[in-house]
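Just one chain follows, in the form predicted alone, and it is written as structure tokens.
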Amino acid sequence: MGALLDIIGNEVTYSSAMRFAVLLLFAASGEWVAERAGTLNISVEGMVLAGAFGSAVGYDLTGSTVAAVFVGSVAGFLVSTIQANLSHRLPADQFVVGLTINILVLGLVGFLDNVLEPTVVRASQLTIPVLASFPVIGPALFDQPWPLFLVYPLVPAMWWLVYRTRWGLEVRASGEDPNSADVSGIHVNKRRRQTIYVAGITSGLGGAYLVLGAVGSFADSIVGGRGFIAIAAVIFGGWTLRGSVAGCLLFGAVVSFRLSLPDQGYDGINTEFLSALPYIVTIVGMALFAHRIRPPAALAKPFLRGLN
């Protein structure tokens, strides 16, 4: 309990939690849009990794963090075009495609990283006056590298896109009843491809933030399964945006807790257990909540006109 109180009252804990949660928020916000359309985008991990590597190369070539973030989002988008067109145009099995893309991107990035060896630095710090001076949480929310602040408009934009536009209505219809949507004149597979493009862009932004905002360097192991945790956060949140955000914050807090314990001088806890803790919480959360919530009715079900 003493360790827990020390961690809760430490500003560094909240800053660390925010850094990890923001990566998940970038990826999960786009993945939430894709899953509302009925597609389970397993290749989020590969999209984030592509975005991370793309931003590293972009910065190495231009010396601009703004250009690097743009290149990272483009890299994530390029990976998403493979997922989208193979799984919702041919269509190939979306699970197999996603896993294959993750392996492909990991191998390709590992090879190119050894060849190019891009040099990266952290983006400049942005401090919001007054707000950053709030005790405990102020620095975590309002005194961070500038790419973090992109997530603040991004999440509301995803909500507006899905719930306040005709396109979003068609996306939700494609995820709930694709046959009725098709009869209404909605191109179901086209909408599903478009949502994967959205997920690719946001995941690429997440990868760019990871390199330029959170770490300040690149390695091919930098993502470390966080793309899968972003998918789990969407499921954990019951396929609602607010639930997905809560899941990302929870998983970010768990990672921060793992790192904060040794920093506070509590070294008696097994380090292997602490390293596994975020994934344990993910599994427990999935086990507790996945069967209590209703996913989009057509989630992960391919749509073939005339055969459904």
Partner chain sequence: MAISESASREPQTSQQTSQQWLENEPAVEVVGITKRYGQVAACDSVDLVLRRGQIHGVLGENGAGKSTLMKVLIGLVVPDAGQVIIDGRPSVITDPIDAAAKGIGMVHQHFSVVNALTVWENVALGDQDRLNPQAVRNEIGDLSRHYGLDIEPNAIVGTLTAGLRQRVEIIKCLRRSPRTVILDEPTSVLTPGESEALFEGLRRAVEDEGMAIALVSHKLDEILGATDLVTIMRRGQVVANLPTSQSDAPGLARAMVGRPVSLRSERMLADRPLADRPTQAERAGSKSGLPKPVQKTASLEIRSVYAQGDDGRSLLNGLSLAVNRGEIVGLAGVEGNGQRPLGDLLSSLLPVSQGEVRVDGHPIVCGKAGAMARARISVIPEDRHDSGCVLEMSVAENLFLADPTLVSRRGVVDRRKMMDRAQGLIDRFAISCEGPTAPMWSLSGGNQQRVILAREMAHAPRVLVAAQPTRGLDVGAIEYMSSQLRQAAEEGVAVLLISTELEEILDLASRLIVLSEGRIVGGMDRDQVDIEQLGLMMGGAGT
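Owing to the predicted nature of the structure, the values given are computational and were not obtained by experimental measurement. Positions refer to the first chain, counted from 1.
One more form of this protein should be noted, the form predicted together with its partner chain, which is absent from this view; the next part is about it.
Enquirer: Only one of 209 to 217, 225 to 233, 159 to 167, 193 to 201 gets a heavy atom within 4.5 Å of its partner chain in the predicted complex; which is it?
Expert: Of the stretches listed, the one contacting the partner is 159 to 167.
Enquirer: Does D143 reach its partner chain in the predicted complex if we count a contact as any heavy atom within 4.5 Å?
Expert: No - in the predicted complex, heavy atoms of D143 and its partner chain never come within 4.5 Å of each other.
Enquirer: Evaluate D113 for contact with its partner chain in the predicted complex, applying a 4.5 angstroms cut-off between non-hydrogen atoms, and reply yes or no.
Expert: No, D113 stays farther than 4.5 Å from its partner chain in the predicted complex.
Enquirer: Is the gap between P135 and its partner chain in the predicted complex 4.5 Å or less for some heavy atom pair?
Expert: Residue-level check for P135: no, no contact with its partner chain.
Enquirer: Should G185 be classed as touching its partner chain in the predicted complex when contacts are defined as heavy atoms within 4.5 Å?
Expert: Because a heavy atom of G185 falls inside 4.5 Å of its partner chain in the predicted complex, the answer is yes.
Enquirer: I need to confirm a contact call. Of T119, S180, T127, T81, which residue comes within 4.5 Å of its partner chain in the predicted complex, counting heavy atoms only?
Expert: Contact with its partner chain in the predicted complex is made by S180 alone.
Enquirer: Counting any non-hydrogen atom inside 4.5 Å, which residue from L108, L86, L150, A173 sits next to its partner chain in the predicted complex?
Expert: Of the listed residues, the single hit is A173.
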